[in-house]
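A single chain comes next, written as C-alpha cells; it is the form predicted alone.
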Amino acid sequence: MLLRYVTKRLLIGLVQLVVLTVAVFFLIRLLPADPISRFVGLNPSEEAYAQAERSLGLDRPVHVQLLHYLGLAPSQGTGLLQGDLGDSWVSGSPIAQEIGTFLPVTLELITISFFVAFLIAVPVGMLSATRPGGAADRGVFVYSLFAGSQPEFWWGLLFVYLFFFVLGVAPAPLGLLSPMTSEPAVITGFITIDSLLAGRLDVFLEALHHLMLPVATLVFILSGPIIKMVRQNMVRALQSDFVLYARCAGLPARRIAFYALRAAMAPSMTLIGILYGFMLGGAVLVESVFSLGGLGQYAIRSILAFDYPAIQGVVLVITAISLSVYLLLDILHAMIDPRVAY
C-alpha cells in the first residue's frame, strides 16, 4: 500500500514539474521586457539586433524555442530531457554548473537552520501545550509575535551589530570562510562536509562559526510558526478521545505524550515542508546580509539581466527540490499515520 502511494505521488509530482516548466517558459516571454536590448544597447542597428536575436534563439517561433529547450527538436541533441539546462546568456557558462556552485550554499544554510529550529520548536511547543494559558504558553505567544514582527534581513543586521560589532563573538559577515582561508577541494559543494572529507577540521569549525549568525537569524524567524503549530496540534491531540482513554487506562504520562506528539507531528511537518520550499528562494536577503552568495542572489542577478535560461533553470531546480521535500514528508506522514496511504 505504501509503495502504491509513493508511486502515485511521484507521478503527480512529475506532472506538476512538467506543467510548471512549460508555464514558466511561456510566462517569462510574456513579460514586457526586451532581453535583446540588454546585450546590444538601446540604439542598435537593425543588423546588430537581428544577429543578437539569432544568437539567443529568439528569432524562432515560441513553440520551436520550447522544443529546443526541452530537447525535442530534431536538429538538437541536448536539452532539458537530456539533463542540459542550457547556457547562460550573460556568462556563457552551463547553467547546471552555475547552479551547482550556488545551490549548496543555500541548502546548507536552510537545512542547518531548520534542523536547529526543529530541535527547539518541538520541546518548547510540547511544554507550552501541557499548560495552556500558563507562563510558558504566554511566553511562546509573545516570542512568536516578536520574531515575526520584523523582516529577516532586519534581524540579520541587528545580530551583526550586536554579536559582531558590540560583543565581538561572531565573525564579520564576509561569507562562509575568512578571505585568508584556503577552501578545501570541492566534492559535494557543502563546505562543512567537504572540509570533513578533506580532514580540514579548522575549516569545518570556521565554517560553523561563520554560519552562526545567518543560522541564528533564520532559526529566530522560523521557530516561531513551528512552535505555534506544534503547540496547537499538541493541545488538540491531548484533548482527543484516544488520549483520554490512555489516561483512564493508566498509561504513563511520558507514553501518552509520545502518542500525542505522534498525532501532532503530521501537520507540523507539512508546515516545515512548505517553509523549506519557500526559503529556497526566500533566503536571499539573509544571504545578501552575510555575503553568502547563494541561489537566491544568483536568481536575482539572472532576473535583473533578463537571463531567461538561468531563470528557468533556477525555477526548475527549486521546484524539483520542493517536490522532493513534499514527497519525503508525505512518506513520513504515511508512516506516522498509515490511514493516509489508503
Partner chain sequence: MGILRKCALAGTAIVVPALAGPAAVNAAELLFLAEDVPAGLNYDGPAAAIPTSQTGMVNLMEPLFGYATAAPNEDGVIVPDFSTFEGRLVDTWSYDEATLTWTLNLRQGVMGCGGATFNADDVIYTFERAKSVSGAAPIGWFLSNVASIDGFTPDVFGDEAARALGDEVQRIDDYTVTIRQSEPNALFLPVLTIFGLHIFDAELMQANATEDDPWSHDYTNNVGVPSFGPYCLESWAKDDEIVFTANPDYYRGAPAIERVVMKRVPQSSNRVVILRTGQAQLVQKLTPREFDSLREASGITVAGVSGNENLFVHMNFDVPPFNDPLVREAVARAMPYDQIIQAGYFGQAERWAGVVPSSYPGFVAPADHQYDTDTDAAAALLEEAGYPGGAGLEAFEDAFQLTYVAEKETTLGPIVTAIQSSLRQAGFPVTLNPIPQTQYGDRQLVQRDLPFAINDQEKPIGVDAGYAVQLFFVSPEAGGLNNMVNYRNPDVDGLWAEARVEPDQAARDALLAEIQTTLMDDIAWLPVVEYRTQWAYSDRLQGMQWHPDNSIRFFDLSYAE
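Positions refer to the first chain, counted from 1. Worth saying up front: this structure is predicted, and the values here are computed from it rather than measured.
Beyond what is shown, the protein has a form predicted in complex with the partner chain; the following relates to that form.
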| property | result |
| --- | --- |
| Heavy atom within 4.5 Å of the partner chain in the model of the complex - residue from Arg236, Arg255, His209, Arg138 | His209 |
| Option touching the partner chain, based on a heavy atom within 4.5 Å in the model of the complex, out of Leu103, Leu127, Met269, Leu157 | Leu157 |
| Exercise: Phe306 in contact with the partner chain in the model of the complex, heavy atom 4.5 Å | yes |
| is_contact(Ala33, the partner chain) in the model of the complex, heavy atom dist at most 4.5 Å | yes |
| is_contact(Ser288, the partner chain) in the model of the complex, heavy atom dist at most 4.5 Å | yes |
| The partner chain contact in the model of the complex: Phe163, any heavy atom under 4.5 Å | yes |
| Stretch in contact in the model of the complex with the partner chain, which is absent here, among 90-98, 106-114, 189-197, 225-233 (heavy atoms within 4.5 Å) | 90-98 |
